[in-house]
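Only one chain is included here, represented as structure tokens and corresponding to the form predicted alone.
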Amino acid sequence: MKNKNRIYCTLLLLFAILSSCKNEGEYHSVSDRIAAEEVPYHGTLSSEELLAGRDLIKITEGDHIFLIPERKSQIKSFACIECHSKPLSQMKEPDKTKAHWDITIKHANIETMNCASCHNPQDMNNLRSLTGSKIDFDLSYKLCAQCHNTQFKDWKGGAHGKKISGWTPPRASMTCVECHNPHDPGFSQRWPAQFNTKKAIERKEGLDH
């Protein structure tokens, strides 16, 4: 009886294998069939078309090489030394309507940070690191990275911030100042751009009941 059962099980297994091969045609598995019949993509996915017309700079941060927006041409009052031709103490006058005296720093308390923490009074065309080194305005993210090192690590790896194009190469990412106001980097609370009236009615009806 045991031998009959063993023979029966063997025949069932053989039948299953043959049926599988028959269903797959000349292939022994679904993976083999996919590998043999897949249509190769003739071409390379790229974000270059989305980046056309953008002034971008290639940077290298550790193992990451990618593009960021050129910034100095976007700053209306650059070069700064066109106005900053003498010490700040001699420039602060009430009638200077184009000056920056209306800026209030909401980045850290005054004991921790002031204008000279980031701007170089001796060279207004460059930013200044905590150690006194020059930082180009196009590379302002280096200034932010001094304190916000966790966000910087995520940003250079592609996990923090927004992309200028898609996820296909070449990678192009916005810098910190594209989303954050450097003098007031926090995001204030606000209503959604599109108010969901249906959801609001449903909530009101739920409260009424």
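Everything quoted here is computed from the prediction, not taken from an experiment. We number the residues from 1 along the sequence you see.
This next part talks about the form predicted in complex with a small molecule, which is not shown.
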According to a 4.5 angstroms non-hydrogen atom cut-off, is H180 in contact with the small molecule in the model of the complex? yes
4.5 angstroms heavy atom contact with the small molecule in the model of the complex for H28: no
Residue-level contact is defined here as any heavy atom of the residue lying within 4.5 Å of the small molecule in the model of the complex; does K134 satisfy this criterion? no
Does any part of A172 reach within 4.5 Å of the small molecule in the model of the complex? Heavy atoms only, please. no
